[in-house]
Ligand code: ASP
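Next up: a single chain in structure tokens, the form predicted alone.
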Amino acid sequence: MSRSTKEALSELELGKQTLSEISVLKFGGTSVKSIARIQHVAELVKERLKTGKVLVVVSAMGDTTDYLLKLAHQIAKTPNQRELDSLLSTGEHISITLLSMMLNALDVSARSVTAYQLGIFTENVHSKARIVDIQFDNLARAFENCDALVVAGFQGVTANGDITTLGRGGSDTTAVALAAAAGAQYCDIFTDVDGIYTSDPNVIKNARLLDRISYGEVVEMARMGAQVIHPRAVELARQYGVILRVRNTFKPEHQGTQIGGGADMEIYRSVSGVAVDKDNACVAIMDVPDQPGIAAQIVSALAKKNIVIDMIMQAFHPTAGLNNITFTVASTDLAQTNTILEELKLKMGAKEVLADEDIAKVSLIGAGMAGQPDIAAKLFTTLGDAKINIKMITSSEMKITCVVARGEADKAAKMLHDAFQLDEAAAK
């Protein structure tokens, strides 16, 4: 590996400015799900070429990744992770090749490259790998022979040549990492919606499109269930100062939502949106001995399997000297979490492991929420008046999250959206 992304940026700043003028565009699976849509994307790329060279990051076509996963699970209940990553990476390989062919048919000098060919190196972790290095020299050389470089998103390669994938939404991360490495000011994330809304417009009809929003707010929205952009991509954009623009592939004239921050980002609203995440489960290990290091053992065992835990709650029984430790995990990690906790239960002398899949997280998000207790009061009053039971609560500087029954999540989101009048534009 030649140098890190940060070092590549430093080299650009010292004089290699040719790539900083490129446009970086990312197109999701819905944008390239058919040949007709691939042609539409190719025409957008050709139009953008009027302002300079274009780097295009593409996801797999439509539901290809889900189809490949289904095939893998027909072969094995728990497929080998190395082989699964190799299989899933083929989806992007198909889409970049077809888009490159389409661009060439439109007389555009285009070339498709995989992460392996370009040199997008990741840590040696399968299914949730993180990018550790981008070979800038390969990126610069690729543009010497073409005007449009079409790059496979979602994938990387380890130092010893194994293909890895970055997890769901990984193509967003690929696009932002390449924009940072090239020194590009903007990265356009094209999808099938107009931008980022105050809530899911499919559930809340009066959800309002936001013209701009801070990095921090979007990270919280994405982590709490909003599906427009991956939080890792936003964190990376914030780290390197890349301005993101979430736009609609099928309304190219619409500017969408701009994600940024810094001195020019004035906080002018206390609450920006409501997010719902139904892909969670609650897990509890009961009657754990109240001893130092117990929580560390649990968290460490899960971390070794790349299982992210959230909303940790510990309930103490003073007369018995025992604790109940409860937390949430992604639904897809529930089976593996249960297996790990059952093993720990025997070692720790705990009573039992319980799981509740009938949960959802409803989160109120905003950059101006800290230090305003009236916001939490209104949230709890609103849900209480609606007879919606809150199972767990957590808060941070930019969010308050409540765990409720999954069937009540949409109702709770609508109630909060109305209570905080999010359909109305804030006064600037």
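None of the values given here were measured: they were computed from a predicted structure. Sequential numbering from 1, following the sequence displayed.
Beyond what is shown, the protein has a form predicted in complex with the named molecule; the following relates to that form.
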Interface residue in the predicted bound form among Y215, F136, F121, F154, criterion: non-hydrogen atom within 4.5 angstroms of the named molecule = F154
Option from 300-308, 111-119, 283-291, 170-178 whose residues, in the predicted bound form, bring a heavy atom within 4.5 Å of the named molecule = 170-178
Would T65 sit within 4.5 Å of the named molecule in the predicted bound form, counting heavy atoms only?
-> yes
Is there a heavy atom of V56 no more than 4.5 Å from a heavy atom of the named molecule in the predicted bound form?
-> no
Closest heavy atom of A42 to the named molecule in the predicted bound form, within 4.5 Å or not?
-> no
Find out whether any non-hydrogen atom of V362 is located within 4.5 angstroms of the named molecule in the predicted bound form, and reply yes or no.
-> no
Listed by sequence position, which residues of 84-110 have a non-hydrogen atom within 4.5 angstroms of the named molecule in the predicted bound form?
-> E92
